[in-house]
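Quick setup: one chain, the form predicted alone, written in structure tokens, and binding and motion questions come after.
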Amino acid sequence: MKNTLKQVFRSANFRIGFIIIVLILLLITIYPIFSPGNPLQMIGYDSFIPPGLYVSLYDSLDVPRIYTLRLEGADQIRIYAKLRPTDRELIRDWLLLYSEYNEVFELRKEDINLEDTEALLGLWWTYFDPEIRFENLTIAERRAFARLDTRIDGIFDLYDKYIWTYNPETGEQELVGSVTNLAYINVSDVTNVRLLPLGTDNFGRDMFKQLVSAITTSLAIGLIAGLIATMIGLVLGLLSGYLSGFVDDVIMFFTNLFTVIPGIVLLILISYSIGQEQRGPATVAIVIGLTSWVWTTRSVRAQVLSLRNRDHVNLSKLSGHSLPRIVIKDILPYIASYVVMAFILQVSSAILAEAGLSMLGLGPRTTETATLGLMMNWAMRYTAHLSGAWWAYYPVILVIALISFALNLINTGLDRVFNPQLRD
């Protein structure tokens, strides 16, 4: 056993896949300890809040000390941030119109770098003239350019900002303080600070906490479904391969019948017939397991057929040993490594099957827990891709691919150790 484990861990594929799975397991084990609570709790009132560190603006007004800092380039950064992407596009549009209007001034769209704030403002101040009337330009478009010119002039205003509060005794507003462009606070002094590594989804729920919970649920579904499919396939394959005859014909008849019918069709029909309210994670896992045993049965049967007439098996028969003892003692140990590899592939297939079902709206109930497939379904249903909310679907896709990739690497590594034809 010790030598076998050494051979397994010598495989680079197995080591990489094993490390990935261990890191994922550590994440789903440790993170809930530091961030407890319901992963489906709605913490935001806005949809698709982007990732970042969020500081309570209300609490930041009551910090014990405000520091004065002169940071190099701070004003340039403010100007860059105030010039919004839509403003930059408007500047480019006006410059292209002016290029068509003035034959001397030649400028192409690809020559304008929207990220170069200094160059953009330089071209705007040099060539913008509110008196120019371009052809086919609507009044609304002319007003948009005029508002842009006013806004550009205002981004260089660095006036102090004043804080007023309402006095209930006098009924008047009172000045309580001012903030200059050199005022800074320490984030550690702010009472409420929240890190959202993956922002929030369309419901205002913490995406990272939800993703960790979804990984846990999807792995549980994969393990349950993989165990059911592997056990059914193992039992049927052992009986079919060893007993042969009528038993083999009956088992292979049903196996071939399920082979002809696509598994995804069975999954869809069964899941739809169960109904949304009855479809919990365990139910979905059982359904996937009951429809995924076919190829395991055929593979185990092929392995048993090659073992049933071996000398040690015939010796057990002549010794009068029972069928269960012969199967468990003389056949099963020789295919144990293959069964383990089949189980790993079944787990990977079950996770992908759950994701596919959930994408079709036939996954587990959406009100109790999150799965990787449900998160993809929510992102698609609420048009995260159209809103530019990449954090609502890219991390989920990456995790699904990573889990499948790691499990397949582990399976490949085991195959290279236990398959004599692939052994170096």
Partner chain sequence: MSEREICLSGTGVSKVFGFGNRKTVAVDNVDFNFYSGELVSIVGESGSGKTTLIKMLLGLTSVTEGEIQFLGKKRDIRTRSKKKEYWKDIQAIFQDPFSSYNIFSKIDSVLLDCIHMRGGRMLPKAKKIEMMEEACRFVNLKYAEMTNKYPFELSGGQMQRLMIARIFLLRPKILLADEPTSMIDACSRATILDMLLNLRNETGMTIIFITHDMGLAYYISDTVYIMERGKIVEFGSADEVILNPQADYTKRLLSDVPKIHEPWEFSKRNQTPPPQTPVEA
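Fair warning: this is a prediction, and the values are worked out from it, not measured in the lab. Numbering follows the first chain given and starts at 1.
The following text describes the form predicted together with the partner chain, which does not appear among the structures shown.
Listed stretches are 245 to 253, 314 to 322, 111 to 119, 202 to 210; the contact stretch with the partner chain in the predicted complex is 314 to 322, by a heavy atom cutoff of 4.5 Å.
Contact with the partner chain in the predicted complex, defined as a heavy atom within 4.5 Å, holds for exactly one of 154, 73, 333, 130, namely 333. 329 is the sole member of 143, 161, 194, 329 with a non-hydrogen atom within 4.5 Å of the partner chain in the predicted complex.
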